[in-house]
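Look below for two forms of one protein chain, each set out as structure tokens: first structure 1, then structure 2.
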Structure 1
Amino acid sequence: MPLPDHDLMLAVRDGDLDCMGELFERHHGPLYGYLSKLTGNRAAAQDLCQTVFQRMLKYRHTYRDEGNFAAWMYHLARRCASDHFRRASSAPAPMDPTDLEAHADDAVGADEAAASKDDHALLHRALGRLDRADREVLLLSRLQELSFAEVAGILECSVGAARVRAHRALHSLRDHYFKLQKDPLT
């Protein structure tokens, strides 16, 4: 049986740094997916993903015995992403939140330009229309390995607030998405 993430991270904390390689293999894909949907920017997601793993190594001593690896990883990811958004908003050309809609993901950007009917592109646009906090709570809540309590912990709010915000964000995404499906030109 493969070791659970938590055990691997405890091993990393206790000096067996090679276990970080296994954690990377397991999690970099989903984490990158999360960050690229959150930022709407592939290059930024790549950098942020890298930074999260670097910080795991650097701050491995802060990982707690009773910790939840996924919650800890997304907590670090949130810190990194908010640094990114702060930098982006102080840059001359603001990147957020329309960035997601304007550039989408490079992977589907071409599709979007070519055929706005494309479902992926519509969803990207819908995602871009949420404000960042809604996008964040929604993308975290859809992760099966996190409970609402853990999402609340990551967002540093109460469980009730996390639940309400997740609810609102999903309704809002659905409304944008369905509206765009009916009329892609809106």
Structure 2
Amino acid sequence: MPLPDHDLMLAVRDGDLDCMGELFERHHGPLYGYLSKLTGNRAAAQDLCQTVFQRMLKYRHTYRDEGNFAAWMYHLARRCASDHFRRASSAPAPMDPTDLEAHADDAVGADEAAASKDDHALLHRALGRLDRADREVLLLSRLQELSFAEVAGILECSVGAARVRAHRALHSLRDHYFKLQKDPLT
């Protein structure tokens, strides 16, 4: 039976650095996906992902016994992304929909698949148009499926504020999506 993330991180904190490899294997993909969507830049996301794991090792002594590993990891990732944006002195670039990987379902007809792909591309373009704070709260709460308590801890706000921010961000995403749906060239 594999050890839970929390126990692995406690072992890393206590000096068993081999356990970091297991944590990396488990969380590299989701963390990369989060950072890729947050930054809109795959190369930067890969670099940031490595930085997050380096910081996990460097700051392993800050991990607490009652801590939640995923929340702690995304908190570090958020800080790394903030440092990246501060250094770059620019907002995240909108993602190019042609650069996204399509996951076609073989059971769906070609016309339905094309429509779904178009909707997916519009959704990613709309996500790219959100400001960084709105995109971040949606990525954490919806795509990474963290609880609002975990999101609140990462964003350093109350649970109620995290819920409100997610709700407003979702409405903003919907507005951008419908605007793009009406006029895709905007």
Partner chain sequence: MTCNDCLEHVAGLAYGKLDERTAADVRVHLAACAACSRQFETLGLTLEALERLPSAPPSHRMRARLMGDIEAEKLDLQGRAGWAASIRSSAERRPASWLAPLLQAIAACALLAVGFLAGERTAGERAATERRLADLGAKVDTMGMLVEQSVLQKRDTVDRLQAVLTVGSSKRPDERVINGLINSLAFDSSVNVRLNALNALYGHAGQEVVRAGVLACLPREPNPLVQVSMIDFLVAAKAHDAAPELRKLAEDAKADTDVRESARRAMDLL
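For the two forms, the rigid core is made up of the largest set of C-alpha atoms that agree within 1.5 Å on superposition. Worth saying up front: this structure is predicted, and the values here are computed from it rather than measured. Here, a residue number simply tells you its place in the sequence of structure 1, counted from 1.
A.B. asks: Name the structure that is the form predicted together with its partner chain; the other one isn't.
C.D. replies: Here the form predicted together with its partner chain corresponds to structure 1.
A.B. asks: Aligned on the rigid core, do the two forms place the Cα of residue 8 2 Å or more apart, comparing between the two structures?
C.D. replies: It does not, since the residue 8 C-alpha is displaced less than 2 Å between the two structures after the core fit.
A.B. asks: After core superposition, I'd like to know whether residue 24 moves between the two structures (criterion: C-alpha shift of 2 angstroms or more).
C.D. replies: Comparing the forms between the two structures, which are aligned on their rigid core, residue 24 does not shift its C-alpha by 2 Å or more.
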